[in-house]
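Listed next as structure tokens is one chain, alone, in the form predicted on its own.
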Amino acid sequence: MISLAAIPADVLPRAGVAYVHYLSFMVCFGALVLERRLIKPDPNKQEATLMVITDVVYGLAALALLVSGIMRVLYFGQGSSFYTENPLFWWKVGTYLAVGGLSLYPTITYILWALPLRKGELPKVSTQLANRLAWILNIELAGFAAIPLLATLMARGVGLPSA
């Protein structure tokens, strides 16, 4: 049996922040998959409400991903120069920001859905809007799927300047 006292003091905070980072990534990805599966023209009240809730969960997980990522770079990772001197890190950050930027359109759309839902009305979702949202969600999923590839390459030193 492993005793907590036997674990070095710096390991648990580092592991905890890494865990939050990985878990929030998985929640983001899962929320996007669920949004993609649910999107359709003229959803019923339950489907529309679930889309709004799922997007809130996605937003909170994306925020946890960002905060834990910053904490890993600054305090709990390999040292900030390991990350900031690697172009793959900036590709990873850029991909995250691009996905976040793309997610604004669906998020604003779902916020606008919440208004009629609160009045007991259904949001108006045309086939064109549903297709547009599905297309955006597909791009977001592809972007999120690329992030772990960049991270695993980065963790193996790919992209670091030669010493």
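In case it trips you up, residue 1 is the first one in the sequence shown, and so on. What you see is a predicted model; the values in this text were computed from it and never measured.
Not pictured, yet referred to below: the form predicted together with protoporphyrin IX containing FE (HEM).
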| query | finding |
| --- | --- |
| Proximity to protoporphyrin IX containing FE (HEM) in the model of the complex (heavy atom, within 4.5 Å), stretch among 105-113, 51-59, 122-130, 66-74 | 66-74 |
| Answer option from 151, 23, 139, 15, heavy atom within 4.5 Å of protoporphyrin IX containing FE (HEM) in the model of the complex | 151 |
| Contacts with protoporphyrin IX containing FE (HEM) in the model of the complex - residues in 119-148 whose heavy atoms fall within 4.5 Å | 144, 147, 148 |
